[in-house]
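The chain below stands alone, shown as structure tokens; this is the form predicted on its own.
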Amino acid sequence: MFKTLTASLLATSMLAGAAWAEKTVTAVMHSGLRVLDPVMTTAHITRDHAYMIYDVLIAQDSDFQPQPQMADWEISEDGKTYVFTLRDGLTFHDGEPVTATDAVASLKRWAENDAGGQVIMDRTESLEATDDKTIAWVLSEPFVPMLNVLSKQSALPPFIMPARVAETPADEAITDYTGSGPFRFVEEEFQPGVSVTYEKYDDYVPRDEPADWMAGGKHVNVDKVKWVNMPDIQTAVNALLGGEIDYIEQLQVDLLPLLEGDPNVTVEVREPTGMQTMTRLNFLHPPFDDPKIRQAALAAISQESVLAAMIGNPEYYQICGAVLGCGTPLGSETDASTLTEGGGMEKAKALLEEAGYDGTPVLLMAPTDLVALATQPVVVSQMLREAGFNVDMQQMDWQTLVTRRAGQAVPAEGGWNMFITNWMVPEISNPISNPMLNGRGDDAWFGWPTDETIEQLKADYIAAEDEAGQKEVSEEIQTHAIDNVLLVPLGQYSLPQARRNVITGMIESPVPVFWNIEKAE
């Protein structure tokens, strides 16, 4: 398959070169793309796709500060009314102007599925377009993190779509991919899970400021960007060395020596804040509907074993028990000692016996086609079995997992008990935006815990008068999340990326973006 794919890439390149000097950046991303609706999933590849074709109202810079993007804003003196004004020249890819009505519809759909959006809507009295360029958002009480939530770069950023698309129910996938961003989705060339092509949208009007994380001017300097899927990372490395592709988003650390000696290739870590890898359990079905059995699973897992198998080189990983991430203003490792120091196996066995665990299988979904997720399920299943769990590890590709985790069926009928995923540290560093800290049952993130205590703690966080107060509440959130096993943090890591030196101008950003990039002839 890969020989066919690389041959196709070469043929395409030769034909393009013969016809005209089209500049195409060919990239191997961390996963193939199948899900195209960024409101339906927090999968990073879908988010990355969305940043290509959509724009956002406001965006965060590298100092985590909200900046104007599609709109500027004013806040009333009482902190209850936010007025956003769209800038001039914004159009969708069908040529129609972006209006405040489109933005309002997009924000309402986003808020149905996003943890932070749900909290904002709890405090919303009205959200409406007062004219073609003006959005008035009136709250029932001040909400200090408002702009931080709206400008977050992940997990579910509020991308702006045409109103006719955004009026699609939030639990139904969109089928119209008319975007508002710097690239246009080439639907006729899309091969789900294999390749996706984006063309420069010539009528996109970038901001004047320099690009800075997701904020600033999104200047497109190439004609096309093509993502190709190569689940075998060795194949991708060979393709990069041979000049068939320009960029690999994630590399295995043990393959670095193959690239580091090539003067035509640059290897670098472009995620300065790193990633958190973690386990999510399903609260709906046995055995993890029992909190004592969830605690047994947490006690059985040691981060060192997971990270050593996953990354190997300690230079690229960090043991960290903080739900909100280490190195962040609110990060705390309270109550996570079994994870960070190990030694919880006997406790795990005792908890299982105390809970009367009857051997109900734990269906662990294990993706086989992602560098950053291939090893954790193997190590975690081994530790759970040692504790006494009956683990049924089922292998599948990542996009199948992403689709299956959205279903609430019992495990024997297509559901699941457990999976492992990774987050950028910025997207889990705030309790309002952290998807795992959503306790709203069916409206929560996959796993669907019903947890009134975590919702009250988040309300306490919002009501805190200063940073000291927020830090105090965050400590309570850390303790509650660990005690109730809302997630199992497995540590932090960074994976290097590689690009051929013909590619320059890639901006520093936890999200891989393709504006600002130059490609030499």
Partner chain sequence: MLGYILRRILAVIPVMLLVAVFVFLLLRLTPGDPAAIIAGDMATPAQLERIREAMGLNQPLHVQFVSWVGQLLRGDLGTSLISSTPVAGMIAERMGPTLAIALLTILMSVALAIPMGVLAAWKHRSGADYAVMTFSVLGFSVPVFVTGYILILVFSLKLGWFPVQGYAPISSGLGAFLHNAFLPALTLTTIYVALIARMTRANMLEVLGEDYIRTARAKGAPEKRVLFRHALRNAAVPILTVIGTGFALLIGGVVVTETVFNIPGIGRLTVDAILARDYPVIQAMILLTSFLYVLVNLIIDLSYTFFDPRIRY
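Because the structure is predicted, anything quoted here is derived from the model rather than measured. Heads up, when I say rigid core I mean the largest set of C-alphas that superpose within 1.5 Å between the two forms. Numbering follows the first chain given and starts at 1.
Absent from the display: the form predicted in complex with the partner chain. The rest refers to it.
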property	result
Exercise: E427 in contact with the partner chain in the predicted complex, heavy atom 4.5 Å	yes
is_contact(P206, the partner chain) in the predicted complex, heavy atom dist at most 4.5 Å	no
I293: touches the partner chain in the predicted complex, heavy atom cutoff 4.5 angstroms	no
K458, heavy atom within 4.5 angstroms of the partner chain in the predicted complex	no
Partner-contacting position among E128, D131, E167, D171 - heavy atom within 4.5 Å of the partner chain in the predicted complex	D171
Heavy atom within 4.5 Å of the partner chain in the predicted complex - the one residue of F159, W423, F92, F84 that qualifies	W423
Contact test, all of N229, D232 and Q399, partner the partner chain in the predicted complex, heavy atom 4.5 Å	yes
Partner-facing stretch of 353-361, 142-150, 297-305, 440-448, counted where any non-hydrogen atom is within 4.5 angstroms of the partner chain in the predicted complex	440-448
Any residue of 108-139 that, in the predicted complex, places a heavy atom within 4.5 Å of the partner chain	E112, N113
Core superposition between this form and the one not shown, C-alpha change of T368 at least 2 Å	yes
Rigid-core frame, C-alpha of W137, shift of 2 angstroms or more between this form and the one not shown	no
Core-aligned C-alpha movement of D122 between this form and the one not shown reaching 2 Å	no
